[in-house]
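Two forms of the same protein chain are encoded below as structure tokens; each is given separately, as structure 1 and structure 2.
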Structure 1
Amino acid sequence: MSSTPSRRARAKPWNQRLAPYLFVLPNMLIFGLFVVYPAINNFNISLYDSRNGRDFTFVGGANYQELFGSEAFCSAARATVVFATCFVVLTTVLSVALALMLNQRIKGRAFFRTVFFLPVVLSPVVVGLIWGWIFDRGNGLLNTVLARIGLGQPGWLVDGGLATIVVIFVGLWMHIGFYILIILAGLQGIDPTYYEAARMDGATNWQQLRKITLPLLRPTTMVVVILSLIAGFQAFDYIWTLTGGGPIGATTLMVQYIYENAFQSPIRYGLAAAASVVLFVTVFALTLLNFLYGRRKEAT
């Protein structure tokens, strides 16, 4: 993006000088009102306390202090970190593995791609609802089948540890197709002559994978890591209908914690805003870290 010689810009007729501003105006107006200003204002709100959304009083860092001393927040933060970590790692590993399989010459490749992408277009609310019903202890399809083949009937959504696994599983089920597609696009971008040369030198398939595919795929993998990281830290909708955040808060992640504090009595805007500042800073820092790490790897 190099800047233009200003001499030519000045020579342009007035309508050409005005036009770009008019073109970007509507979008930038909405951006400004509903993204940029709120993102800044979020920090401001976090410094105030209010009773049921009225009578704001300045309290400085008190909300943050309260957050880190609150068991509910720490539990939501822990659950979010566990969820996001598992989600990012599994998403990256599985999407690369499955994309490699789908990149081979196999029958029904188009069918498999379509099937794996299908959940991406489904409503997360409906996804949570259907899986919640399948994992249900008493009436669920899964436990009916398990009982049929003589296995136990685990309380999938009653046990905190199991519920966490279920939530991660459903998250992967719903999103993996999107990431597979990104990796597939990356694989298509690798020059086939590398493989030809490697084969001439007698490299095995495993060596080709280790020495050519994975290194050249790194920028695409990094995109998957960053996108899944952002997705992992903002997970909410399907969990809301899948577990409702339970049992006993085991699957209450940060966004739900923020939502409950902001919109359910007692309304604590300031506290909720402080929590979203923490979430925002975390996501931002991790994204930046990933980005810099990716850059450094590319440079060496």
Structure 2
Amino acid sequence: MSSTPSRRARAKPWNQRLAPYLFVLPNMLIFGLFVVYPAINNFNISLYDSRNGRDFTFVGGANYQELFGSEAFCSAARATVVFATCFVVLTTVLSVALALMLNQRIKGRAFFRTVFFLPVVLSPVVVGLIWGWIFDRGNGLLNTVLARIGLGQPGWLVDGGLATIVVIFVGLWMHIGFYILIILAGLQGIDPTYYEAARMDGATNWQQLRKITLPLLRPTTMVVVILSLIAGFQAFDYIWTLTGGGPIGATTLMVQYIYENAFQSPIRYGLAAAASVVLFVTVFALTLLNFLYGRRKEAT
């Protein structure tokens, strides 16, 4: 009579049972040192108040109370939600649409793939500076062209609504290539025999897209949603160089609020740490909800 898998596992020598844990131990140590410990320490700092980074005083939850009563934080939170929502929706829709197009046998496919991916490798600071010059109201490239054809000179970076649209556009331009690459990998993983069988049954291209491509692409799309959600809530560097958070705080997101309180006078480490905890909990909760929703859709 053959032994069960659990009995065979117990029969293994101790060094063979220990080997898998030894392989993951370095990664776990690095994760604990650079992720878990700073997160715990950050939460601890959020319970203290200090002035200009000195004389720490334990204040319990006072920083969180001050945070939610602050108009500056609430404004940054609202701007972050608007930015992240638009960024996630547009990123998901456009990356799927563009990946479907770039997965076809079109002329210049390799060139277009390179063009879309190129911004991903650029420095966010450089991206912010380049687009800041293009959208500059007085001497910007875009307004120069618009003025020559008689369409005026819109204040792209001095009008709150336009500035929000600009930072969303620049975020998409810089990141969309990465998400297209993920969707393309998902498309390459779909078994071509499904399409062959569908064509033999007389299915149109639209029916193949609805019944085969999109359902089988759902796990990959959920990855894009989760990654873009995290990127949307953590957006900072290119927005900082593009608008500086203006005009009048219209593009000041939560990460910039944290940066200003942690590194600009008056330095409030405790308040910045409390805002970081709120941001972490928000992103973690939304990511978990997306993950559970994706698992539920896969099961049905």
Partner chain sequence: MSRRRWTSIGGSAVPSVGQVLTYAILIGLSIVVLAPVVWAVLSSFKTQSELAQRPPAPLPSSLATANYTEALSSFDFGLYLQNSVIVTVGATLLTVVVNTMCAYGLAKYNFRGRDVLFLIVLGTIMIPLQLIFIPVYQMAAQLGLVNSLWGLIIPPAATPTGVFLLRQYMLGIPDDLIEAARIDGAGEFRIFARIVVPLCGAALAVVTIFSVMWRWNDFLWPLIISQDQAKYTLPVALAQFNSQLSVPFNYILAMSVVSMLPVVVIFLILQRHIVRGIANTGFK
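These numbers come from a predicted model, not from an experiment. Here, residue number means position along structure 1's sequence, counting from 1. Take the two forms, superpose them, and find the largest set of C-alpha atoms that agree within 1.5 Å; that set is the rigid core.
- Here the chain appears twice, and structure 2 is the form predicted alone.
- Core-based alignment between structure 1 and structure 2 gives a C-alpha movement of 10.1 Å at Arg17.
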